[in-house]
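Single chain ahead, by itself, as structure tokens, in the form predicted alone.
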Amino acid sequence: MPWERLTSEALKYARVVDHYVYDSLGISPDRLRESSLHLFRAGGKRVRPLIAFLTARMLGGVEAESRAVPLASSIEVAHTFTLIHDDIMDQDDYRRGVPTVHKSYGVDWAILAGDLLHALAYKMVTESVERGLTVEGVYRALRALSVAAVNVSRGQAYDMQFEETWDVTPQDYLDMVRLKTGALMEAAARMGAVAAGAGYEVEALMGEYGVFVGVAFQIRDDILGIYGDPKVTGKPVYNDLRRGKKTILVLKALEVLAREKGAEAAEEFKSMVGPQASEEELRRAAEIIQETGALSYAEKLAKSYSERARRILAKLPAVDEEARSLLDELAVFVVEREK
């Protein structure tokens, strides 16, 4: 089975994180607790805590792995907060194969659940002192999480703006993705390095690894959003095209059309993307993305970011070589996954 070793490790860490989160959310009132736990119960890849744990283990061994528990949990809690609020803004009905929090509990409770998780993420970081993290380490972890929170908000803002205009370049897209998706993965890697007691230079390098993995992950997500099997991804086919998302696939196809076939062909393609487009137009847009080479370009671009992440790993010191190997495997997995 491909990815068996990585999957096994991810499941192990997911259980640790879930246990910590469930303990932390043993609160009242019941509706607040249940709405906050809704997406955790639906599962998820848990890529961010996996990065945090493996980084801690690679750089600091088993003791660092233990110190990373509150930090890895905090990053998943922060990620879940962003998903709840994203689903409200995007008016999505399903996430991870279940109704979204706002569909299940109402918008007011979903906002409140997101607010609670946002606050809880920071509380968890402070609790890492009880696991042996130094006060300086807590400061560095809080800084990493705070910077990520700011950048995710900026990335989401750009993403929303891009839906309203065609004045977007492929570089604009990459800058947005570094913020929206790369930021939390950067924070996860940085926090793992902090748990290991690594210096600032190693922390920053691991942060770059996280950013590159995040960008590769998002490009693959955009590919699956158009060409993935809905039964596997859990998302409707052509969903990103229907919403007018300016993904790298759409932007590159538009760039090629304008250059090779002229403004009229480019304008016709634009009319096939967005909520006004028919199912037939969406299907044709997906075909054009392939015909222009934009799909192939996106696949190669994702792989190039994966390779950059792997090169960083190769030059860092490692206490645990197996953890390094798993982080290397993760960088490959994010561009080959089917969901």
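Here the structure is a predicted model, which means the values were calculated and not measured. Numbers for residues come from their place in the sequence shown, where the first is 1.
Only in words, not in the display: the form predicted together with another copy of the chain, which the text now covers.
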> Looking in the predicted complex, any heavy atom of Val211 within 4.5 Å of another copy of the chain?
Replying inline: no
> Taking heavy atoms only, is Ala42 within 4.5 angstroms of another copy of the chain in the predicted complex?
Replying inline: no
>> Taking any heavy atom pair closer than or equal to 4.5 Å as contact, tell me whether Tyr158 reaches another copy of the chain in the predicted complex.
In response: yes
>> Taking another copy of the chain as it sits in the predicted complex, is Met272 in contact with it (heavy atom to heavy atom, 4.5 Å or less)?
In response: no
> Pick from Val232, Val98, Ala258, Val129: which residue has any heavy atom within 4.5 angstroms of another copy of the chain in the predicted complex?
Replying inline: Val129
> Among His85, Lys103, Lys252, Arg242, which has any heavy atom within 4.5 Å of another copy of the chain in the predicted complex?
Replying inline: His85
> Tell me which of 243 to 251, 184 to 192, 264 to 272, 160 to 168 has residues with heavy atoms within 4.5 angstroms of another copy of the chain in the predicted complex?
Replying inline: 160 to 168
> Does every residue of Ala10, Arg15 and Leu59 put a non-hydrogen atom within 4.5 angstroms of another copy of the chain in the predicted complex?
Replying inline: no
>> At 4.5 Å, heavy atom to heavy atom, what parts of 137 to 154 sit next to another copy of the chain in the predicted complex? List them in sequence order, or say none.
In response: Val138, Tyr139, Leu142, Arg143, Ser146, Val147, Ala149, Val150, Ser153, Arg154
